[in-house]
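Read the single chain below, which is given as structure tokens and is the form predicted on its own.
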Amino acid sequence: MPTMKAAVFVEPGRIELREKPIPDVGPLDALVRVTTTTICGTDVHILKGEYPVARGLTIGHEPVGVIERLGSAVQGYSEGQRVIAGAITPSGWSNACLCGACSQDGAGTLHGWKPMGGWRFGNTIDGCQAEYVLVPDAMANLAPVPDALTDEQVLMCPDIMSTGFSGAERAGIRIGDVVAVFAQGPIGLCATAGAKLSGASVVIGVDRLAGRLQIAGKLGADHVVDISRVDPVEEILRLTDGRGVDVAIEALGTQQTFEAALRVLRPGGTLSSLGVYSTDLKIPLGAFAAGLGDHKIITTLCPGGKERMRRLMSVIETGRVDLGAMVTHRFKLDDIGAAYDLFANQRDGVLKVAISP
């Protein structure tokens, strides 16, 4: 049986490169030879044991590649075609999909719904930090890559670009809004770009790392707040003349940033939560106005599916946004351990790593 190299979860603290069988292709599937992938912050949560997955599972959910084999029922694609698939792979027919909540697909089962069910790669099925990945429901999920775009240009589309932009979209940002984005990691930077594209007149980027704040300025932040120098709540209220912001986007997943985002909202404002939280959240009484402030708190799991991917690649192809600066390091799949060590420990100014088998 032919085998491939794959990064698998062994136990908390250990993801290792191992040999696994190349997957068989079912009628609705496509086998994609991975040409570029990356590591996500969620993968680090898996590595640390903060998000549970099965031992032996191949990790990773951001694939760019070439179709190697197509299932017998797949139409509209050809072997050798360059494609991406979103981190979320909706089936298209589940109750969640038919209600318009494709990210919450329920894992495509007939036995009930579970949160984050649409996220299957590296969660409930083998992911893409490997030489090959099996894409389920290929006709709903494979999006052809325009010839003019490189792998690295579209590498952010499957997850962080889709997530960050959705944080702005679901918050209902309107022309002229003031938006604060807490944390300028990869998802926060995409949220900053998404807020500007959505029509915000003022975007405030919040972080403690000078390099990330500099990139935030290039992606649409009109003001940056260095939390190592000032209190972010006080500074944002000063920048808004005490009014507060229309939308605060939380992109880190900590109690501190969630609470700060809540405290800078104007009455009736929206907190858009993108962070992955590892512990229970507490909502402070005063910041929440005892529940009487007309606030809205929304959460987002990145939209997937081929139409979402097409739209995001169109934004890149037409020059509306350039996320090239986010790929700061490059590794071969054979060096996946070193890539995890760098990314998990946030050394050397890392934002995203490009990994090529």
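Note that the structure is predicted; figures quoted are calculated from it, not measured. Each residue number is its position in the shown sequence, starting from 1.
Not pictured, yet referred to below: the form predicted in complex with a further copy of the same chain.
Taking the partner from elsewhere, residue 230 is found to have every heavy atom lying beyond 4.5 Å of a further copy of the same chain in the model of the complex. In the model of the complex, a further copy of the same chain lies farther than 4.5 Å from every heavy atom of residue 80. At the 4.5 Å threshold, heavy atoms of residue 177 reach a further copy of the same chain in the model of the complex.
In the model of the complex, a further copy of the same chain lies within 4.5 Å of some heavy atom of residue 288. Here the chain stands by itself, but in the model of the complex one stretch of 124 to 132, 152 to 160, 241 to 249, 209 to 217, 241 to 249, has heavy atoms within 4.5 Å of a further copy of the same chain.
Between the options 28, 325, 44, 53, the residue in contact with a further copy of the same chain in the model of the complex by a heavy atom within 4.5 angstroms is 28.
Contacts to a further copy of the same chain in the model of the complex (heavy atom within 4.5 Å) from stretch 292 to 308: 292, 293, 294, 295, 296, 297, 298, 299, 300, 301, 306, 307.
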